[in-house]
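One chain is shown next in structure tokens, namely the form predicted alone.
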Amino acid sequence: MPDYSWPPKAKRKVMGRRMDRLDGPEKASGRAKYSSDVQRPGMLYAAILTSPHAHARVTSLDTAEAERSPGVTAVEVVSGPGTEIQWAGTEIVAVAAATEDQARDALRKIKVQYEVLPHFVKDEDLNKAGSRARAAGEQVTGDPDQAFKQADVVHEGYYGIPVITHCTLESHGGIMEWQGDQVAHWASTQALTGIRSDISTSLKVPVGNVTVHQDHMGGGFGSKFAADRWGVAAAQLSKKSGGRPVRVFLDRATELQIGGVRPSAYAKVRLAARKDGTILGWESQSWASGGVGGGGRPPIPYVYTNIPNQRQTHQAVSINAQGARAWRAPNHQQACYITQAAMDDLAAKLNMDPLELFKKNADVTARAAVYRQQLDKAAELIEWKKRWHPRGQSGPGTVKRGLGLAVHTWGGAGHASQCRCNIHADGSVEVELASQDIGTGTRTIIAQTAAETLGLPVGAIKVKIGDTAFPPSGTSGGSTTVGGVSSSTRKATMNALAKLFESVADSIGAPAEQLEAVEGRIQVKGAPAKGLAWKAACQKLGVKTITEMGENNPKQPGGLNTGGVGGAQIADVSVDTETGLVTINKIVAVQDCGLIINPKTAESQCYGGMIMAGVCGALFEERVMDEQTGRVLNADMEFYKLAGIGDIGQLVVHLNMEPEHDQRGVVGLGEPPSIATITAIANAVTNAIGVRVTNVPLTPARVLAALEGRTA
């Protein structure tokens, strides 16, 4: 059996090098085809009628006129009479027609009657929730009552972080084509292999009769794992339309209502500490909602998990809104904000530098030495000693400047993955697996891994992904993709290379186990002159092709990948106290992620997380619900605010590439850098203006209200 372990860092030729993404030119030039770009022969267009009511029962439904409408080929009822609707935007009827306009015209002819029922859609005020709040019980560790009695300082605070949507630029959907007993799906998905099984179960067809294809997708962030009801409806419309393909993609308003959300989290927190900053106790009353199913307990106290004395209660609040979906580090942004905004406030009450408080209490984290090193490095890069000041002491003038910090954690071990490597007699190499590149550079990572193993340039590797015809690979969620696909690719290419060594050993005149692949040659270890060029070696295969498999088993990764990372971030902001406007000057991120296959794409993941989940979440993003109608008030791109290029400021990323991190194997990086940024920005704003803005996003109105409250 080959030695699958990664080559020593000093000997790597391709892995660890900064490389442009292989799909970069395609995307930059507009040649990349997303699922929403696919045009199938005879394609029909689906439109979906949704409920205007947040809570109602469908009492009658008449689609007859719609069925007779010009261009309409099929109508599929999704929520028939008797169905209880739990949120506005719920799918009622789907219509397929020759054009999208014809499908939408037909929707207007559908007659639906509802029995409107009472609704509840805003969860911020727990006092209004009543029976909609379900207690999850009390958790007690140690003796919190005694800890608070012994404390020199007790801090009490309230913190809130709202529901936000996934807001994928390519909305949810795909193309369904049901021909005979075969179903083909061109999907916008994070789960190429998984969605195949989902379609099979939903449509009651054998999984072997389902094929799924995707070249590129325009964002998912945790929300695109299932076929969803609109996908199943599109398949049924295709079947009813004689097998013609049916295209269904949610319009922007519907996307923002039912395409997925990150749940809210609110908490009242008490912290007990000695005067030297040692935290003795934690007490929290939290509540959350992602929709009708409520919201789970965020993992608080976050990172500082082992505070010795704790009491926690949590309530899941059911609201009439779509259910939560995994959102780039589920529940971690919320937990980070609740925990570390409270810690920052505690530091201020102690008249203590928060950097010192965070470092002092690092022993109650899982990786104390790592966090201390990361905090010191981030402080160095932001010039903390030079720029930090006690809260509110920002000097004269109306524009105040401040610094804030936060730390985070994540798992990221590789998922189950199978890979097939083909080495052909002409020297060409194919690496095949049914994974998906959701925009993170997966193709590039696979190619670098294969090239490193085979001793070839990246351009010599043909990566074939995005189709269920290839060996199955796991979903792109939980930051598990890079560990899974790199490990399976490493094993498949090592197995194929071993077969090639066996095929050329006699020609070279050395045993197979004494051969190596280096810089386009198969040669004897220690005697590079004794060997063959890659193509010459492959020609020895004659008419044969070497085809070998490799697999990553998450239970036995063999040191190729592992889980568990940490990171620290510090934000430098300016706040105009006359307008309430927050400006990002600089954000520094220090991140560990095990063995780094491509530093350039790794840094890019950090930039993306800091922008999307950080700046957007801290300053702009918030789903706004109307208590009267139960509907989303900002289900559009005018009032659902995102950061623009001018809002981001300078981003600095430092990756921990020291030997102790590299030796851990590959760890995923999609989620960790998206966690701490909101909290770092919020703490920086508090440092600048001297008062906590308790709820994010930190809109000008909220900043001014906090300043007004301080003055009052």
Partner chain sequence: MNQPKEPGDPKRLRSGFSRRGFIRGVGIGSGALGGAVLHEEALAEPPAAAAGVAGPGAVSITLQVNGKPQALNVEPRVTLLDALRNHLNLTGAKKVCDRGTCGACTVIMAGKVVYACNVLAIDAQGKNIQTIESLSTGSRLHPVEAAFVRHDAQQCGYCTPGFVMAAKNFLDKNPNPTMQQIEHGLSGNLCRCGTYVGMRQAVLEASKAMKGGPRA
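Positions refer to the first chain, counted from 1. Fair warning: this is a prediction, and the values are worked out from it, not measured in the lab.
This protein has a second form, the form predicted in complex with its partner chain, left out of what is shown; the following refers to that one.
Heavy atoms within 4.5 Å of its partner chain in the predicted bound form map, among the stretches 301-309, 511-519, 247-255, 589-597, onto 247-255 alone. Comment: its partner chain is not present in this chain, but in the predicted bound form one of L642, M352, A536, L126 has a heavy atom within 4.5 Å of it, namely L642.
Contact with its partner chain in the predicted bound form, judged by any heavy atom within 4.5 Å, is made by just one of G218, G293, G392, G559: G218.
Within 4.5 Å of its partner chain in the predicted bound form, a heavy atom is found for none of D228, D467 and V504.
A379 falls outside the set of residues with a heavy atom inside 4.5 Å of its partner chain in the predicted bound form.
For the chain shown alone, E578 is not a contact residue for its partner chain in the predicted bound form, no non-hydrogen atom being within 4.5 angstroms. E67 falls outside the set of residues with a heavy atom inside 4.5 Å of its partner chain in the predicted bound form. In the predicted bound form, its partner chain sits within 4.5 Å of a heavy atom belonging to G24. If you take 590-619 and check each residue for a heavy atom within 4.5 Å of its partner chain in the predicted bound form, you get K600, T601, S604, Q605, Y607, G608, I611, M612, C616, in sequence order.
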